[in-house]
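Two forms, one protein chain; structure tokens for each follow separately as structure 1 and structure 2.
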Structure 1
Amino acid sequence: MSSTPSAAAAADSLRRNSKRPKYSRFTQQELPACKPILTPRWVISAFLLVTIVFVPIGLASLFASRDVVEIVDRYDADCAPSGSTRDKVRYIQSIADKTCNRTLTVPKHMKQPIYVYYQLDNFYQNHRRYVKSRSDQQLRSQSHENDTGSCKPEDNANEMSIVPCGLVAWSMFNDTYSFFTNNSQQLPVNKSGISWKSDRDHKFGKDVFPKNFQNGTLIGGAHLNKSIPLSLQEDLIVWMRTAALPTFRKLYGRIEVDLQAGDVINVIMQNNYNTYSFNGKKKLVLSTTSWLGGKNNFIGIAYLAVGGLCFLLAMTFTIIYMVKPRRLGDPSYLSWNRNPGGH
């Protein structure tokens, strides 16, 4: 009887020193689980289900994209004198009149609102130094007016802080467009609400006004109205939301009247923005929208491609299953049963 306590103490000590985990159904992976068996019928049914879902979505997307009416007009080459790139750069940097007249013909009925975009090609707004050259604190609050440490080289001019500072604001797009019908009636462009509401309310302060902007030796792009706060200067807000790709469109405004098929639109534009230095392109885009957004065939084609591939696989597996069926769980297909000799 005297050995019983010592034996119990030894067993308890052995249990404490053991590295064996405490038993539970979770650690031993004994919880109930779904273990589907992928039979041929299940696989074929899954592929057919994807086909049934994806093909209608793809067709609907393509039809929606087809209903979008879009007019794209590249004007940078025609609105500058012919010659070498150096001649065009000299022209765009001069004080000469840069008015350019363009004529657009409406191919189909365009229902309002008609969105006006400008498109830039070969413009890398996603360049690391370009993206970092801005001060979000300065844009948000007047108290951070001198917070220009991240804005170089456009941080100060004439020993005064620039508001808004940085290369992004400095290079703001400054071409302008005016639209007229055949009878010389102007089509007004509504520029209200073209930016994100969250940007207007939270990223650009109502008490922040342009100051010392475009006063340096080299002028980059547009000028800003010093009497209007940044939260109301929506062209700037749209431009400051940098694009991820070198070809991008930004919203310029909205035409809020219907245009009929065959209508001729006369565009009077000011070709101010310099894209000639980096072989860029400028395009004017007029576009309607659908429930899917603008004109974009990629989504519809992608859905149709995936649905078509799944249908092809389903038909292939169906033919194989019917021509050469295989019993589920047949052990004769195991490698050691197919080669009894081990060779």
Structure 2
Amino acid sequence: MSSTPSAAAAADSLRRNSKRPKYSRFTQQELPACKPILTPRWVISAFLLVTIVFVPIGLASLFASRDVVEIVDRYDADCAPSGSTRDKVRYIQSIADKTCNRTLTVPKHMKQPIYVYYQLDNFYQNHRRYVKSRSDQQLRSQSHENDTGSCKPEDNANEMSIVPCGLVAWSMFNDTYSFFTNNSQQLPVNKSGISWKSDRDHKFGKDVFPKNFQNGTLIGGAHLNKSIPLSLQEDLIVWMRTAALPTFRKLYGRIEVDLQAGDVINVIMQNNYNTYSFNGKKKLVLSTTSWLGGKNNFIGIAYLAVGGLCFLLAMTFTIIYMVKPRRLGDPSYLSWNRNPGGH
């Protein structure tokens, strides 16, 4: 085609409004990038790194767990008359005195603070009906006293709102424990600060007092002192942090003296709480604590296993790479080079 002046002018104007994509490394998908490739050196170093990190952590956890001293005493069966479940339920629902004496022996030196827990087995604090049956609004401020919509069936009693409402509060654990040394000296249990500070300060109101609580036909558990605001009812606060799993512990208090190995501790308890109706177990737990929490070997073993496995893998891959090395990026491994002619 000829390029007369007019055509040239046209081409010029075309160039100005050209649709040519603006060049940028982004639009051409050529952004600077890093392409990590798994070279043998990287692979083996990675496995060894995992080994080096995991084995010490595993050992440390195991040692920590081993140092924790734990006394677990199941008392639900012994503290109720033997017989059928029905008898036990009848007993626990009666108004009889339910005091029960237990004796614990300290197996090893226990450094203070010694945490006192109660442990419930088979108690589904995470049951859908249960976890939802509470009103966090009501717990927080007096003005929401009548926010009991979510609390059914423990929302109202005698046509008045219950504070705190809901199944969770209603079913609060009410066994009590007192600890005595061999020479009948009481071991004081510190029950303050067993709940989260954040809960005391923000979640449970200072102006909210128990009202109309446990006034219904069926008593679920503990009664609350009507003159103490919820923010100071630490047992309630602890109970209201519903447990994640059907077997759980809740903090009861702290014993702030050391216990020596062989010490015998007498526990006088009020066995009030009904777990008999659903074959739930009740246990009293005294435990020291480590940086990692309570006595649990699982994490230590798991870490050692993973660390060990990675060490094995590092060795295996070292052997694999030595026995049958493959040159990275060698075009002769490309499928069309391996079996020529076969497309």
Partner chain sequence: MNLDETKSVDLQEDELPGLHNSSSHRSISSNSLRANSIKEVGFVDLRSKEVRYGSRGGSNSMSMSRREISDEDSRLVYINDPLKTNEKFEFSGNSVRTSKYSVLTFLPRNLFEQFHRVAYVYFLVIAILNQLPQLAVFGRFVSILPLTMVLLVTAIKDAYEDWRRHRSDWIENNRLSSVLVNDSYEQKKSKDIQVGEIIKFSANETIPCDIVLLSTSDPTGVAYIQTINLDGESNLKTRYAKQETVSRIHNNEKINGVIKCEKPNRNIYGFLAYMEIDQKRVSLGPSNIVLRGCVLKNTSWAVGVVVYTGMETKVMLNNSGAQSKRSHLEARMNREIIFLSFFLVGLCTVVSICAGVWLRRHRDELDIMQFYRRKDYSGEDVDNFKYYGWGLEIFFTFLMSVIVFQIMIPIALYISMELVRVGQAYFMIRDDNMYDETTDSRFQCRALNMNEDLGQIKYVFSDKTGTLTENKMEFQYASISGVDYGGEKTDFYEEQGGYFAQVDGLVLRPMMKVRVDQELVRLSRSGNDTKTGKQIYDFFLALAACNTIVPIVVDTSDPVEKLIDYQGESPDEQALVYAAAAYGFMLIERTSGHIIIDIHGDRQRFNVLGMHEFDSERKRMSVILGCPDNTVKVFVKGADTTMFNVIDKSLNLDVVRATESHLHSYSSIGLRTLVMGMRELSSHEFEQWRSSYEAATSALMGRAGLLRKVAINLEKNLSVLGASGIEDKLQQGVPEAIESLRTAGIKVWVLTGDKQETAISIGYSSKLLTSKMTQIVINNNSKESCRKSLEDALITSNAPRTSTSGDDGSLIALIIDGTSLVYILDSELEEQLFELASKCAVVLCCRVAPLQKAGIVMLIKKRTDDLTLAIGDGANDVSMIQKADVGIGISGQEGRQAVMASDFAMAQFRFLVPLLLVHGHWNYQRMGYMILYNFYRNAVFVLVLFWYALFTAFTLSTAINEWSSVLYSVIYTSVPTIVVGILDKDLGRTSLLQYPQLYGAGQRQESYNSKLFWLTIADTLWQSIVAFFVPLLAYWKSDIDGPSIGDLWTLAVVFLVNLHLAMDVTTWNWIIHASIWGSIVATIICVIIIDCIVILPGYWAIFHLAGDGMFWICLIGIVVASLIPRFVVKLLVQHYRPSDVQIAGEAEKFGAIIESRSAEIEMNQHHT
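Only the largest set of C-alpha atoms that superpose within 1.5 Å between the two forms is called the rigid core. Please read these numbers as outputs of a predicted model, since none were measured by experiment. Structure 1's sequence is the ruler for residue numbers, which start at 1.
Annotation: structure 1 represents the form predicted alone, while structure 2 represents the other form. Here Phe278 does not count as shifted, since its C-alpha moves by less than 2 Å between the two structures after the core is aligned. Taking 2 Å as the criterion, Phe26 counts as shifted between the two structures: its C-alpha moves by at least this amount when the rigid core is aligned.
Shown is the Cα shift of Pro331 between the two structures after rigid core superposition, which amounts to 4.1 Å.
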